[in-house]
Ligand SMILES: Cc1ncc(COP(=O)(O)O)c(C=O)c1O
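Encoded as structure tokens, the following chain is the form predicted alone, with no partner shown.
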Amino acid sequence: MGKLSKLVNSLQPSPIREMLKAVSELKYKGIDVIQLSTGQPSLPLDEEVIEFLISKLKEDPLTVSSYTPTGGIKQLILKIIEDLKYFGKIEVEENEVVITEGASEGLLLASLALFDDEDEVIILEPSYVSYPNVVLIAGAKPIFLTQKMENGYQPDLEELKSKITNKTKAIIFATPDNPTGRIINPQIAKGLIEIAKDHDLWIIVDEAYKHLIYEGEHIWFWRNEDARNRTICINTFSKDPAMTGFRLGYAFGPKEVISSMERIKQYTTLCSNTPAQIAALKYLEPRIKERVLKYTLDIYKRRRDALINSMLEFISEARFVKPAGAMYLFADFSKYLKNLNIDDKTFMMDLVNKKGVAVINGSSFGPSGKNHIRITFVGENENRINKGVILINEYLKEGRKNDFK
């Protein structure tokens, strides 16, 4: 058998997908698992959206199951442009939008369109697990800039400048952030744009959670004139409308970049999921989207607060910053893991197998995530979240006892 590519050996398996597989296997055996790991909303897709898609399938099944243009259905692109104007007060042209298979494909296409071998890409970390890997797939080198808990996970702009070399091509980050829930401060955003302009860098902003904000406001980079010609915004229908399995997203940015992304997409996924694009048309009606957001944010905020209260009561030595947005709480478990004499990856797998509670180990999100745990608060109701934290506490206590025997 021939050798595998060097690229395969450079990519790390996603712990999120690894945990999803483990949970699936446990559930197949009839074991109840409290799902505090993946960013999978537990709220169903809106009923009006479901009925709309069903009606379209019945009326015109051939169209719903057919190919679409690679860049996406024209009606959907126009709806997205209206949506961005309505919610973000930003103007985007038709040739500045491309439909993707979720945010994941958007990140990959942007990386392939922008990066060459030897390029360096600064990633604000802790960060979503895909960022360094899409950079590696494009042949470039990830350079990590640590965001510290004591600074609310806001990046240090002076430290960012020190990371820039003549090989630096771009900066990648999310706002609101996964895994920390941090929203970029307006002044920091302005500074990031100025640095990118001064050093002629691209900015890739992952906006997957732009509507899931509990305190504060989303920073729309596209509003800044200095950012428009160098910023690619990556978006998804997975989070607020809960369409994860539909695999649908979109990117907008300078037309030259978007057309390049579309050209690459012609030879990867060809076009995005047609039924998903049709369903998204209905979700993007302002009346429906506003109703869904109001309902969703109310539930998710209650769940976030329930998780925080449970953590303070049962796992009081864990350190964390209250997440202002997204779906996650990122907690420093250093004291507990030191007492148990295990790393965060071992903790993650042992916890799900012994207590039936799924979380994600923090070291997966970058070097500074070591000994941290990402806990999702949108996948379970308040009672299940509280039960999950109590079971984590039980595991920590039992582990200590065994360690000291």
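For the two forms, the rigid core is made up of the largest set of C-alpha atoms that agree within 1.5 Å on superposition. Since we're looking at a predicted model, the values are computed, not measured. The first residue of the shown sequence is 1; numbering continues from there.
There is also a form predicted in complex with the named molecule; it is not shown, and the following applies to it.
Checking 265, 210, 239, 182 for any heavy atom within 4.5 Å of the named molecule in the predicted bound form turns up a single hit: 239. Among the residues 224, 104, 273, 133, the one placing a heavy atom within 4.5 Å of the named molecule in the predicted bound form is 104.
With respect to the named molecule in the predicted bound form, the three residues 125, 153 and 320 uniformly fall beyond 4.5 angstroms at the level of their nearest heavy atom.
With the named molecule omitted here, the record of contacts in the predicted bound form names 125-133 of 69-77, 212-220, 303-311, 125-133, defined by a heavy atom within 4.5 Å. Residue contact with the named molecule in the predicted bound form: residue 247 places a heavy atom within 4.5 Å of it. Interface membership of residue 206, defined by any non-hydrogen atom within 4.5 Å of the named molecule in the predicted bound form, is confirmed. Using a 4.5 angstroms threshold between heavy atoms, residue 328 counts as touching the named molecule in the predicted bound form. Superposed on the core, the two forms barely differ at residue 391: its CA moves less than 2 Å between the shown form and the other one.
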